[in-house]
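The chain that follows stands alone, in the form predicted on its own, written as structure tokens.
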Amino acid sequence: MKKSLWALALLSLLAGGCHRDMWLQPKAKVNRESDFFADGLSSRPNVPGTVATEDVGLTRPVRTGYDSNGKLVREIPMAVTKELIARGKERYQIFCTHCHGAVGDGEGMIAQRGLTLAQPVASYHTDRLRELPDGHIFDVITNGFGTMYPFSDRLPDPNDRWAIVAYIRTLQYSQFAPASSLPADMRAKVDNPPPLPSQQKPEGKHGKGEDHSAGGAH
């Protein structure tokens, strides 16, 4: 009996410590209205200059595409290596080809299958886009442009977005570079391209060059 009384007393003490003040306290839930802030929103924007934790250690040009004066950087703010371009190609093929096409001509499958826009999907192979600073392309990938939505959530690592910029510049150069800038062996292939597979004659079952037609059998 005494043990039961002690247990009941202990339970009473614990119950006395339970209250709903924390539960019922004033608080702001995401995207709810608020009469406290002038814009009427409970969600507050990031303080200017806020840096995401995953971006700590990266320079401002790498994170944003802008220099310390607030201008778009002219060139990619990191070493452009074979590995960076290869990474950019991989990311480009996943996220960009469906609209911009494999060679960046704006003829991706979405564009070919009836996408109707006031302004067609951009081709990278125009003088205007070739002359834009690298930071502009990075900014468009990050924040979107026109009907193109932002890719910062799909490509959260700024290095991946710069890798795509490097690959886009590679595509531009591949379609615009003068043949005279090519090494001699590659220049020879341009001047005398090998026949396409569809232009090659199939070999006969009895060896290449043998004539087994009816007119050749005597």
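Note that residue numbering begins at 1 and tracks the sequence as displayed. Given the structure is predicted, the values throughout are model-derived calculations rather than measurements.
Keep in mind that the form predicted in complex with a small molecule is missing from the display, and what follows is about it.
- Interface residue among L72, V140, L84, V103 relative to the small molecule in the predicted bound form, by the heavy atom within 4.5 Å criterion: V140.
- With the small molecule left out of view, the stretch that reaches within 4.5 Å of it through heavy atoms in the predicted bound form is, among 164-172, 59-67, 182-190, 28-36, 164-172.
- For R128, a non-hydrogen atom is located within 4.5 Å of the small molecule in the predicted bound form, even though that partner is not displayed.
- Looking at H136, you'd find a heavy atom of it within 4.5 angstroms of the small molecule in the predicted bound form.
- A residue is said to contact a partner when one of its heavy atoms sits within 4.5 Å of a partner heavy atom; L41 fails this definition for the small molecule in the predicted bound form, lying far away.
- Although the partner is absent from this view, M148 contacts the small molecule in the predicted bound form, with a non-hydrogen atom inside 4.5 angstroms.
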